[in-house]
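Below, in structure tokens: the form predicted alone, a single chain.
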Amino acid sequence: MTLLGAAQIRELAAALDLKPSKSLGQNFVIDSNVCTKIVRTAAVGPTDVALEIGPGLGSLTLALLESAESVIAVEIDPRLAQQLPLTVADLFEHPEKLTVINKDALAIHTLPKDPTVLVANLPYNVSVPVLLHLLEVFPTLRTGVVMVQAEVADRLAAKPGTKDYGIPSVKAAWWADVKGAGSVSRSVFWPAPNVDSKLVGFTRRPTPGDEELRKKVFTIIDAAFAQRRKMLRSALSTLYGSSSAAEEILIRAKIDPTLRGEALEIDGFCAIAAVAPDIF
């Protein structure tokens, strides 16, 4: 199978009279070696159902089709969603392995098959919401590698006590262990973005609790980082009515009230939720 390079990508775009949309985060990968590297980093195998978000003109899709049992590609742009099966049929001998869904990834709650691995060049402006949404609604996703803006990658993979640690780090940790998986040059995109990109890998692990607990924990996380320089007893005072009430809850949870949110791992927030009043 022939993978797409810069010339083919531009030819496809010209044929569609397509001008990459900034609002949709359309920066197409034009380096087939990068696509192969991403698929290899994600360890996509012949039994995997790969889920791809924002396939664009198909660079990464074709690399996935070479390795996976099947690929489900979710594309919000109707022109690209219509073109992708045609491109694959021209270049790949088993086009039936591809399913294209023309929808917003944030509106997806069911798929024709249970996906096992996520591999995607996520639109920068919605990368965190999309990743968290997919982890929530598709528990069969056991692993994945996504390409995101470098700053977002650093936040997703950050550890407690670091400047990048925050809401994305803690919420992603509810479902998975997240790690950095390498940098990506701006030159592999068309058009070249104004920001650097990185790869982030995740491996699913058991969640700390059920959906009811998750909602409670996420509310506490949001409050803890709303003003991240505040100590937890102050940051959580709006939830519990006063700093003294928040301090009492933190002491019962065996959490130092003078710590900041950035000091806690996901288990710490779960401990707070376990003893906090059910006010959500």
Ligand code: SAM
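One rule holds for the numbers: they count along the sequence shown, beginning at 1. Being a predicted model, the structure only gives us computed values, none of them experimental.
Below, we turn to the form predicted in complex with the ligand, even though it does not appear here.
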Sole residue of K103, K159, H109, R205 within 4.5 Å of the ligand in the model of the complex, by heavy atom: K103
Among the candidates L62, I53, L236, A42, the residue which, in the model of the complex, approaches the ligand to within 4.5 Å (heavy atoms): I53
The ligand contact in the model of the complex: V146, any heavy atom under 4.5 Å: no
Distance check, V178 to the ligand in the model of the complex, heavy atom within 4.5 Å: no
Contact test in the model of the complex: I249 vs the ligand, heavy atoms, 4.5 Å: no
Partner proximity in the model of the complex: V49 to the ligand, non-hydrogen atom cutoff 4.5 Å: no
Region of this chain that lies against the ligand in the model of the complex, out of 64-72, 228-236, 207-215, 28-36 [heavy atom, 4.5 Å]: 28-36
Sequence-ordered residues of 121-135 touching the ligand in the model of the complex, heavy atom within 4.5 Å: N121, L122, P123, V126
